[in-house]
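Consider the single chain below, provided in structure tokens and representing the form predicted on its own.
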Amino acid sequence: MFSKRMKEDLVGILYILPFGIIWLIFSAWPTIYGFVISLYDWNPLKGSKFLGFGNYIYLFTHNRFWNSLFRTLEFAGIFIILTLLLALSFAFLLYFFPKSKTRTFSESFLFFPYLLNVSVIALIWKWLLDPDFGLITYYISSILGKAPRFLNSIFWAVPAIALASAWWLSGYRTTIFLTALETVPKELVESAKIDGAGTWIIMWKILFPLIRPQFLFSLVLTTISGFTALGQVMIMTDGGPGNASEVLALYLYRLGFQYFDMGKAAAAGSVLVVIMFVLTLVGMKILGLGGEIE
């Protein structure tokens, strides 16, 4: 009745069906419903009023939205680059020294922050960067004579939160990269060494191209984390000083849960979704994985 190909397709569909249903209910539908809310002056108790793109026009004509968007791009740019660079560096380091006695300890030490809650991470770094008794500010003051007031500075607030976030999440990316590197046939690396290739060439010309799918996966995860950062920002600076570290997720939160303007909050969320979607497509294009993903 069914051809072999049709049976294989049916089995494949049945395998992904449970996840597909959960994804539709908890990810796709909330995103679509959020966009619908963004078109209304949403008030479920008194009745909602259709505004079309009025909420978007409001956002795009207010400086606070543009400030939060700029801060989000600043935070995401620093965070994504820092996280992936740290993760790649540690992964290559562990890959090239597989028999090191400290390898197990190093892997555990790098992965441990990922197990902590965002509140714990934010409080640790808030303490480390405290201008009066923070360890980091103390040692910087000892060396340079004076340390910046990181979390009270318009210039340093966003980079400081990005650094804390990168320390928190880079360990998981390191594990992904290291696992991918260990699947690369050893013969390829040994052949390259015999041909005279140095470590740098082996890393970027042989190993990195072979782990590009895992790099894309980490890039997408890190991009989402970068554009949706909220907890660490609220605890470390609460968007301050002034609005110097008020990222888009925090602005969205305040619109929705402090000013109870769900329509504008949903519009800000929809803008965030579009930005992440576009950046993901750009990442796929740059890494040349369009065909492999399909």
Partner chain sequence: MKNLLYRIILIVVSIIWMIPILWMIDTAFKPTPHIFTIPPKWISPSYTLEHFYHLIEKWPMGQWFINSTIIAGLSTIISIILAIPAAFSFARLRWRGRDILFIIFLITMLAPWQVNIIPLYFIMNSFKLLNTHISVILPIIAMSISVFLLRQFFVTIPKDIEESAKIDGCSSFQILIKIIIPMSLPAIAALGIYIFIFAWNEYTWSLVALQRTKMFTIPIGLKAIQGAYDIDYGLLMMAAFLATLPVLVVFLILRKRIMEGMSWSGTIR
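Each form is matched to the other, and the largest set of C-alpha atoms that superpose within 1.5 Å is called the rigid core. Numbering follows the first chain given and starts at 1. Treat the numbers as computed from the prediction; the structure is a model and nothing was measured.
Same protein, other form: the form predicted in complex with the partner chain, not shown, and the subject of what follows.
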Partner proximity in the predicted complex: Ile286 to the partner chain, non-hydrogen atom cutoff 4.5 Å: no
Non-hydrogen atom contact Phe53 with the partner chain in the predicted complex at 4.5 angstroms: no
The partner chain contact in the predicted complex: Pro213, any heavy atom under 4.5 Å: yes
The partner chain contact in the predicted complex: Asn243, any heavy atom under 4.5 Å: no
Residue stretch of 110 to 118, 184 to 192, 70 to 78, 153 to 161 approaching the partner chain in the predicted complex, non-hydrogen atom distance within 4.5 Å: 110 to 118
Members of 59 to 90 lying within 4.5 angstroms of the partner chain, judged by heavy atom, in the predicted complex: Leu86, Phe90
Exceeds or equals 2 Å, Cα of Ile16 between the shown form and the other one, core fit: yes
Tyr259 C-alpha moves between the shown form and the other one by 2 Å or more, core aligned: no
Yes/no, Phe26 Cα shift of 2 Å or more between the shown form and the other one with rigid core fixed: yes
